[in-house]
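Take a look at this single chain in structure tokens; it is the form predicted on its own.
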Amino acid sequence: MSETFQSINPATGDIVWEGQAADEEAVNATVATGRSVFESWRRTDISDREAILKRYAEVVTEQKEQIAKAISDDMGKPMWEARTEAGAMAAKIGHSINAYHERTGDKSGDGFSLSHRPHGVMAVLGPFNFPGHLPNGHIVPSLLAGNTVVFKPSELTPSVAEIMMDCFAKAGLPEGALNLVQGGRETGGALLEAEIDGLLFTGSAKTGTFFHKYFGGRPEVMLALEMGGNNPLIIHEPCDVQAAADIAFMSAFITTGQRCSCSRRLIVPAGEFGDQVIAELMARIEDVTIGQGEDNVFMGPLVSAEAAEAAVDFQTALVASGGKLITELERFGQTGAFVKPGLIDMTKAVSIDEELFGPLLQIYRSGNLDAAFARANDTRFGLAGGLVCDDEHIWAQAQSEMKAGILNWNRPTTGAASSLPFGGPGLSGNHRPSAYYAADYCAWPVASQLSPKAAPPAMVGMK
């Protein structure tokens, strides 16, 4: 029997969505629908698939405000940031088309050809922090390559998925090429057990590692995992202290710390320069605006009261390991989901190498640059990292030394472009970077040697 579940606005406590969770029977039927449409969709000319997706970008742009409102209501994101996400959804189409032709399009030469074919039915599991943009980054390249898709959004943010389905329908996508199943863990489990040809996932390392084990021994299932990080940001002289503090603040606290590329660890020199950076960062924390999803606030709530409680618990664990609070991450507000950003000095503490999805930044003081790079790499993850320093020779050293798939210089660690790959080594993924490189895992190559006429091959030792 299907169960009813709800999405609660974490800023207000209001119910913003209510619906049925897909059970095993419904999930299997949905996958079967995708299977039945696959052959006709993959045989659709690429120019026609492109045209549908370009129209989808237009429809998303037309419905930008509705999409942004759904994002904000579901997970509390300020409207200015939700609008930015909706805009990124539309911009994804052009990047995906370029990537398809550059990385997986048809190529030919003297006596050879290279073509690509879709896998089949791809399952896309979406995260809550970018409920439109991130699943869109799997869905669009998959459809473009000729796959059909079954999409299960996070049960915390179901609203925008239904708007996306409507946008695809208005764009002319054939019925059954993209299919939606709503629900939580049981729905996701049923999708894993169904006859899918690929699983495309963005989320936590814990969940992604489970999927990796679950599909162990099944190489026929394409598995693309993007799993977050414990990301370092090094600030080193020479650089402008005010600019450095702005970069650190943005890196750590945008989206209330709920980006997988957010800085979790700030590494600054011991001494006066490091003291100045921390003082400026503290001033920005004291001035930050936090509130309901309006345009005039920088931070909204965490996605739920449970997420806020987990952030406080993580802070408590850091203190127990020897961390010294500079300013405490504190919960406030009636819904229990709002938190004030926190800073904690972990220089002499026992590090806890986990990703916290929340606005808590760990400070480490380093004696020299080599120690800073060693501290930055002291993690099982490898998604994002950054250096704030005006010396290009130190930046060259950072490029050589730091373990991160997204490595920025004098820019926030959260800066990423759809025209570039997105992913990293270690527990940050399984070497299937998304964004521009999503084309690579949405199709498989067919390499052919060609001759216009049948002719006997040269055979040594034959009479």
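Residue positions are given as counts along the sequence shown, with the first one as 1. No experiment lies behind these values; they were computed from the predicted model shown.
The following text describes the form predicted together with succinic acid, which does not appear among the structures shown.
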Worksheet entry | Any non-hydrogen atom of Val31 within 4.5 angstroms of succinic acid in the predicted bound form | no
Discussion item. Just checking whether Ser261 would be counted as a contact of succinic acid in the predicted bound form - the rule being heavy atoms within 4.5 angstroms.
Written reply: yes
Item to complete: Consider Ala68 of the chain shown here, and say whether it contacts succinic acid in the predicted bound form, taking contact as heavy atoms within 4.5 Å.
Response: no
Practice prompt. Please run the contact check for Gly415 against succinic acid in the predicted bound form: heavy atoms, 4.5 angstroms, yes or no?
Written response: yes
Worksheet entry | Listed residue that, although succinic acid is not shown, lies within 4.5 Å of it in the predicted bound form (heavy atoms), from Ser72, Thr148, Asn129, Asn136 | Asn129
Worksheet entry | Among 252 to 260, 103 to 111, 335 to 343, 271 to 279, the region lying within 4.5 Å of succinic acid in the predicted bound form by heavy atom distance | 252 to 260
